[in-house]
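Next up is one chain by itself, shown in structure tokens, the form predicted alone.
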């Protein structure tokens, strides 16, 4: 047995050395996707005529004057987003009702036709500027469905949609993420639209190649298959899209939730969920805002399973985030700060476990992941505490810039020579947060099973979190 002792870094994760006998996987994330993974958590903002009509899906026949926020303050949205640790905001620039939150030249159903600010208002302008001020990324949801536009259901509407996107990118960019759903219903003429998705995608790639495009088949990020904010316990960043289309022709929800182990494309999961029962603000839901504990659980089941969390926080009719929502968000941030503050591995040491036939000490070559080398073949490793320590949370990470390879793992919790617990799982991805009933341990052993002899484990951390927050 060879023990290559490493002191665990005092910051969040231990970076392991790279060892030889590895290969670069065929499918890896782009530079933009890697930056997207690091966002982890950001806000969705559903806002529009539905806010004032108490609907979720407007019919497109609402008078423009119904939209009239009396105290719109996008800076308040951004201040709260920043305070809760969110790294960006995605707004519903145009929902299915067709109402544009900017004065589009390609519609007459916009803020320009409303009495808000005497038709001079522009929500996208105010929010994009506020995001820049607070250091937040700015994203846009624009529904392809339009229940108001007279050209919807005709080939000319594809021109309208392309021109609307161009307006947004040219006037309010940079756009960090563009959010598409596949909604396709009737327009005012009773017809459905045949969307030119290839043209839509090419338009965005041409004018803003760094923008992350989200839909149920990507190409850059995918829907997680539900609106509950929950990624699959098995969650591959790979997805096959051949033969599928957005909307009704998308892959099955369980496939979107889990990904494809041998998928041909890197399309990671994004988990969308609302802080309220509905997506738009409704006064009768003020008492139904998710609690900080509930949000923490969603964090474990989204970010903690290698996905990103997109949490919807809808402004009220004043144009402000309500106190109930704000209080819950701040409580959520406090829980994350308090429970992930003290990485217990700063008082530990780690070593790899090999048979003497597998490796000799002269074969060990220590190189940081930042060196640009590919792969790390680390089948087993042990984390050893200097004294018995209570833990109930372990975090594992993969170096996903090298791909995703771990298909199964097992962690044995040890107290001296006795096993006191065992945890098993499938995928790791960018971050896997594992919680369990508290145990006093002297070490834990991690055993990895990969799919291509290329385990890219990049980090491990351990915590003692509030027992009531342990995932059931």
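Residue numbers count along the first chain shown, from 1. A quick note: this is a predicted structure, and the numbers were derived from the prediction, not measured.
There is another form of the same protein, the form predicted together with ligand FUL; it is not shown, and what comes next is about it.
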item: Ligand FUL contact at residue 272 in the predicted complex, heavy atom, 4.5 Å; value: yes
item: Residue 227: touches ligand FUL in the predicted complex, heavy atom cutoff 4.5 angstroms; value: yes
item: Residue contact check: residue 431 to ligand FUL in the predicted complex, 4.5 Å heavy atom; value: no
item: Residue 397, heavy atom within 4.5 angstroms of ligand FUL in the predicted complex; value: no
item: Interface segment, criterion being heavy atoms within 4.5 Å of ligand FUL in the predicted complex, picked from 433-441, 415-423, 39-47, 65-73; value: 39-47
item: Contacting member of 112, 290, 246, 96, with respect to ligand FUL in the predicted complex [4.5 Å, heavy atom]; value: 96
item: Heavy atom within 4.5 Å of ligand FUL in the predicted complex - residue from 181, 325, 122, 220; value: 181
item: Heavy atom within 4.5 Å of ligand FUL in the predicted complex - qualifying residues of 138-171; value: 141
